[in-house]
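In C-alpha cells, the next block holds one chain alone, the form predicted alone.
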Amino acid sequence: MAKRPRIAVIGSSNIDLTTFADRFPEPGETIFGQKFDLGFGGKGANQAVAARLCGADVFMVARVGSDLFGPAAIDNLRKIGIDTTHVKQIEGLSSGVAPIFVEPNGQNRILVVKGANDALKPADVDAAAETLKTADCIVLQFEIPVETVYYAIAFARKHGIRCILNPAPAQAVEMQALNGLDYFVPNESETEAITGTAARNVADAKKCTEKLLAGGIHRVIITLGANGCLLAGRDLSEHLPAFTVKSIDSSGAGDAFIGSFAGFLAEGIPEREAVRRANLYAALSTTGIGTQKSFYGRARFDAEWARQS
C-alpha cells in the first residue's frame, strides 16, 4: 500500500433484515421464505466498512436510535476499527432499518426506514469539522437529509477535500449544489431517476454522463452491474467491464464499490486502476450473503486481484 489513507463517511447506519425467497410475492399474497439473515448495514456504514477492510483509516459521522439496534451498530463499527467518536444515539428515535428481499439469482429489493439517520444535520458536520479536515476523502449518500449532503459537499469544496457522492436512494438533485463535486457515482436506476434518461446500456450511460458533467461535476462513474461501469469526465469516457464471479446476493455491491474506490484512490492508486479494483471488490462482495459480512479483507482481495487482473 502506497500510503494509509484517511476516509470520512458522513452517512447512514441501518440494520439489514434480509429474507431469501424463490420469488417476490404478488400484491396481497403471502408466501414462505427460505431463510432469514440479520446484519449491520446502511449505505454509509457499508461504505465505511469497505474502506476500512481495504486498509484505510476510517471515521463516521452518523446517528443511530435509542433502541436495541443503536448500541449494537456502534459496537460493530468499533470492532471493525472505525472511529465512532461522531456516531451518536438520538433519544426517542428508532435506528434505521432496511428489510431486504433476495431472489435465487441474487436480485434484491430494499425498503429503507431512515429513523435516526434523518436527525443528522448540517450542524453535526460543523461539530466534526476539525476531524473532517484531516480526511483525504469525504464519502456521502442520500440516506441522510439532503441539506446535510449539500452542506458537506460545500465543506469539502471549501477545504480542498476530495468528495464522493453516491446518490442513493435516488431523489431529485439540485445540480447547482453539486458544482465542483469530484465524483458522482449512481447506478442505472439512480441515473435514470436523476437525468430522466434511461441507462440500460453503455451507450445510454454515455448520454447520461454528458448531462451530469454539464452541471459542473468533475467525474461521473455510472455502475452498471454485470456490465461493469462507465467512467466519464470532460476529458474521457471509458467503459470498464465487470469481473466474472458466481453471484448469490448483490446486496451492498454498490456500497462495496464506493468504499473500496475511495480507499484505493486515496492511497494513491491511479484513477482508472482504482475503478477497476473497485469493480472487482464489488463483484466479490456478491459471492457472499449480506452486506458487510460479504466484504473482503485487503489481503484476500489482493490475492484475488493478482489472479484476475
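We number the residues from 1 along the sequence you see. Small disclaimer: the values here were computed from a predicted structure and weren't measured.
Another form, the form predicted in complex with a small molecule, is not on view; read the next lines as being about it.
Taking the partner from the other structure, the small molecule in the predicted bound form has a heavy atom within 4.5 Å of a heavy atom of Ile110. Proximity of Gly259 to the small molecule in the predicted bound form: non-hydrogen atoms within 4.5 Å are absent; the residue sits far from the partner. Though the partner is left out of this view, Ile100 does reach within 4.5 Å of the small molecule in the predicted bound form, counting heavy atoms only. Interface membership of Ser285, defined by any non-hydrogen atom within 4.5 Å of the small molecule in the predicted bound form, is ruled out.
Per the 4.5 Å heavy atom criterion, the small molecule in the predicted bound form is contacted by stretch 110-118, the sole one of 224-232, 128-136, 110-118, 149-157.
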